[in-house]
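Read the single chain below, which is given as structure tokens and is the form predicted on its own.
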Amino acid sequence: MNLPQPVQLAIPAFIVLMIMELALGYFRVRAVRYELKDTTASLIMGVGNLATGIPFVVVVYGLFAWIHQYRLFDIGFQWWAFVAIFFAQDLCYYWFHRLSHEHRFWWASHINHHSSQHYNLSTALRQTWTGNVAGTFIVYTPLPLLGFPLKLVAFSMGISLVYQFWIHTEAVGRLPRPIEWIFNTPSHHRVHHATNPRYLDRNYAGILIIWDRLFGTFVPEDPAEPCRYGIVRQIATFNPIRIAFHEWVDMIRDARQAPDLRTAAGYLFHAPGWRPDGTGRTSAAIRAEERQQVADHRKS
């Protein structure tokens, strides 16, 4: 069965929607912020993501095909298979995304997506150049193992990527409550891209926000606390090369300077910001620091 390629079909819509969002900001209909250098960097990152992904198509497809030989079930293209893989793929995405924030080795390939201090549709195109090198596709290997056809796996991943484009915007406020409760929305994803301590490492959803509600990583957007975008240590550059590789450089430097293998492994695989003496500014430490400051303020 031949299935369409969602990303290729959606590219014209991406362009039209970015122009519309830019117009909303230009005419001050919505508080949309674009910066030419920032947008250019995001577009270059998007093109680079496509270019760097091409050499890995054969590798990833070959691995998935090999795994599919040992599938647990023979799942074809029945209608229920499309429903089943929608939920299965989205759950895999949640864990891919969460692990990419919780472990520095994968964060090094994902951090570039968070590096913009603006939040608009062009930010959605600021994609990794090193995700395949880091092996992030491994999280999706249960799908061919369960028996989903490889074309269906690729189709579902494309649908997820296309869906997540439109949620990168400040032009859309809160949607009706049932939608906000079930689906990932611009409001939920703004939280995910924010550096406010209470928002750090929250709302990992792809399409369905129910996974965050289920696994305890959901935080709603608070109108009283506007989102501040970017990363904890802003890199202040529009250079795509630095955006793509700066965390890899810092991580490898830390590991090479470590006094022993255990510490080196910690720099590679513990949470971003981890330090062996416990002084590192991980997301958990930053949130704890904010809670302490609030408690001290209430006592004074």
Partner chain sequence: MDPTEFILPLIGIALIVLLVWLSGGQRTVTLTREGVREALAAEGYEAATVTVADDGHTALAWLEGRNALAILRSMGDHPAILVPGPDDIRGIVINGDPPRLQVRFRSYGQPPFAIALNDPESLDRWRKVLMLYGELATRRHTGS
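Note that the structure is predicted; figures quoted are calculated from it, not measured. Residue numbers count along the first chain shown, from 1.
This next part talks about the form predicted in complex with the partner chain, which is not shown.
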item	value
Contact assignment for the partner chain in the predicted bound form, among L261, V58, I241, A65, heavy atom within 4.5 Å	I241
Close approach of V29 to the partner chain in the predicted bound form, 4.5 Å, heavy atom	no
Partner contact for Q257 in the predicted bound form: the partner chain, 4.5 angstroms, heavy atom	yes
In the predicted bound form, T39 touching the partner chain (heavy atom, 4.5 Å)	yes
Contact of H118 with the partner chain in the predicted bound form (heavy atom, 4.5 Å)	yes
Sequence-ordered list of residues in 26 to 60 near the partner chain in the predicted bound form, where near means a heavy atom within 4.5 Å	Y26, R33, Y34, E35, L36, T39, T40, L43, V47
